[in-house]
Each structure stands twice: as C-alpha cells, then as structure tokens.
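First, one chain by itself: the form predicted on its own, in structure tokens.
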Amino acid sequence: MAVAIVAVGVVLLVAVVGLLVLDRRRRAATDQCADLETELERMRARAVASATHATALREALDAIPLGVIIGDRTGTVIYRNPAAALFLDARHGEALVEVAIRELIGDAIQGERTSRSLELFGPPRRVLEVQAVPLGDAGTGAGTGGLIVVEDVSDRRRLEAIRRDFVANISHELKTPVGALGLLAETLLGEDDPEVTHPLAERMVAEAFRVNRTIDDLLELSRIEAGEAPVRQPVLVQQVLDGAADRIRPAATLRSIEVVVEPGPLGLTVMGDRRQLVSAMFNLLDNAVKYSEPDHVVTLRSSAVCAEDGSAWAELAVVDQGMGIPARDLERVFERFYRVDRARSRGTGGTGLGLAIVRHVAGNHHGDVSVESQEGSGSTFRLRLPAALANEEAQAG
C-alpha cells in the first residue's frame, strides 16, 4: 500500500514537473512568437518605407528635365525617366543620342567615367552632353551597373557665345576711341599752332563723347536687363513720342533731317515705365537719323490695333527714308553690337546697343518690336505694347 502511494506521488511529481516545463516552453514560445511578430512588423514598416522612398525617388527622377538612364551590370537598361524615353523612338539627329547611351553604358559598367558631346543640327539646333558614371566599385568586380545622364546644354553654350562676343565687342568699342584719344593727346603735346591744335581738340572731344555714349548705353541696357518689373503707371503714347522726338531733334538738326510727330488716337495709353518707353523710342529714332541722308524726313506715328483674340494694342512706329536693311539682316538687327554696315556705323558713331535696348524694353512691357525694310526704300520699326484698359488706368490713378 505504501509503495503504491509513493509511486502515485512520484507520478504526480513527474506530471507537475512536466507541466511546469511545458508551461515554461509555452511561455518561451509565446515570447518568441511575440518577438517574431514584432520583427515582422518592423520588416513590414521598413518595406513600406523603402517602397515610399523608391516611389519618391522615381517621381523625383521622372520630374527632372535631365535624361536619366540606369543599366545593370550586364548593360541592360532597368530604368529610364520620361526625358530619356524620348530618345527611344527618335529619328534623325536624336537617334544618335540613343546610340551614345548604349555605348556609354558599356563604358560605365567597365568602371569608366566618360562623356560625349553631341551637336544636333535640328531644327532647332541643339547641343547635348551625355555622361556615364559607374555604379558600385566596378574596378574590383563589385560594380552594380552604370548611370547615364543626358543634359541639353544648348542655352548654356549660347550664353557662353554671347558673353564671349559681348566682351570682344565692348573691348573693341572702347579700345578704338581710347586709342584715338591717346594718339591725339600725344600729337597735341608736340603742337603749338592753334590751327593744328584746335581740330585735334575737337576730335578728342568727339572721341570722348563716343566713349561716354557707349558707357551710357551699357548702363541703360544693364538696368533694363536686371529683370525688375517696370513701374506700372498709365503713360500717354503721344507723350512718349513727343519726349523721344525732343531728345533726338538736336542731332537731327545737325544732319539736316526733319523729325515729324503725327497726331495719334486721342487718349491712347499704355501701362508701364515712361522713362524706359521714351528711351526705346529715342533709340529707334537715333537709328533712323543716323542711317538717313540730309533733307530726309523721319516720322513717328501711333495707332490702336485690335488683335484676332480681341486684345487691344498700342503700336508706336518710326518710319525713315534711309538706306534700308538687307533681308538677310532683318532677323539679327536687335542683337547686341550687330551692325548691317560696319563701315557706315563707324562713321555715325553708333554703339550697336540701341536696338537691343528697344527689344528688352518691349519684353519688359509684354510687347514686341519688329522691322519692315527694303534696301534703298527706308525702314519701319514698330513697337507694340498692350493698351491700358479703362479699369487699369482708374486703379493706377
């Protein structure tokens, strides 16, 4: 009997111990499951964050204007943003870009950082830079592929050319009169005869004025190009024409040229900067007077124009009877320093900046400037500006 009781006790003890072990294991398993669930949740969060980051990165790459192409270590393209996708089915010159992309991906996965410049003659004429960048450490065999970036550098190249031309032209414009001043001054030092010194002094004054005019035009152009919006106030078109005519008349009188201002529409008004507008019309008049012969007439007139879309415009015109402009030069006369007849320009003392000033004034006032001309029959320059509406004048007042 005692033995049986002891045996039962042992069995019960073993069972209790077993239950305790099982409970401990169950709790350990429960803790492990909780840890696994926590880790899984962390992994899910990281996956969501990675997907979000990948989406944001893709959206950013899709939004930039540069062409971006990514290739894997075999050279297969695995990503191409919309700007780069344009080259896939391109024809003519742009097809060369896709050829360059394929070739440079091969260089990139070999660990070479290379670039290539492509000139596409268009139209429009464009210059594209294609750059290849290795991804990973391709030199040790750990490369992950290559990155290709395609950038349109046409505007940058154009600006660089304009800057070079500007420096060369302004250096020439200033060097010529400054050199003349030095030579005249040197000659004047060795002369005592008033009949010789007086013409030399007059020539020095003329060259000094030429330098001053060039500097004034440069300052005026820089102020207009600064990009600041012109003062918006109602300006009567007739007052602009009269102001410009008053400024040019002394020079016109010296050349025996008559400046006529025709009466325009009563009350025709534009919103803008009166000083800039007078400057623009003065430069158009100055150009007309310089390229007109004695006894010619230069006419200023204005008119109200209604466009096809119903918008109202004020048109200010300068009409001359001068030598005219060849058809090949009509598109370039508003460029800085561009001259149709350089020999004639040297004689008239022009800086080549006046028409560039007019173009910038027109742009600042949301207008445009154009020219019609025929060699031997004179020229007509037209400055078109948005006409002020009655409510704009009332608000400005």
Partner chain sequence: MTTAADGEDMGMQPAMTDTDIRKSFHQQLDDIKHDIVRMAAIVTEAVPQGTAVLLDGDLHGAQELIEADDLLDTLALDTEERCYQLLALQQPMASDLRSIVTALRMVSEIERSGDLVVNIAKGARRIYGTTFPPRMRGLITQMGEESAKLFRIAIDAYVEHDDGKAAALPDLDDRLDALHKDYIQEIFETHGREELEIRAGVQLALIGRYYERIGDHAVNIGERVRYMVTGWLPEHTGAAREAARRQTDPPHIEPAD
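From a predicted model like this one, the values you see are computed outputs, not experimental measurements. Numbering follows the first chain given and starts at 1.
The same protein also has a form predicted in complex with its partner chain, omitted here; what follows describes it.
- The candidate site formed by 183, 361 and 387 is entirely out of contact with its partner chain in the predicted bound form, as no residue has a non-hydrogen atom within 4.5 angstroms of it.
- Not displayed here, its partner chain is kept clear of residue 246 by more than 4.5 Å at the level of heavy atoms in the predicted bound form.
- Although the partner is absent here, residue 91 lies within 4.5 Å of its partner chain in the predicted bound form, judged by heavy atoms.
- In the predicted bound form, its partner chain stays beyond 4.5 Å of every heavy atom belonging to residue 112.
- At least one heavy atom of residue 119 is located within 4.5 Å of its partner chain in the predicted bound form.
- 326 is the sole member of 326, 82, 265, 136 with a non-hydrogen atom within 4.5 Å of its partner chain in the predicted bound form.
- Interface residue among 222, 256, 171, 74 relative to its partner chain in the predicted bound form, by the heavy atom within 4.5 Å criterion: 74.
- Only one of 256-264, 150-158, 312-320, 97-105 places residue heavy atoms within 4.5 angstroms of its partner chain in the predicted bound form, namely 97-105.
- With contact defined as any non-hydrogen atom lying within 4.5 angstroms of its partner chain in the predicted bound form, the contacting residues in 358-383 are 374, 375, 376, given in sequence order.
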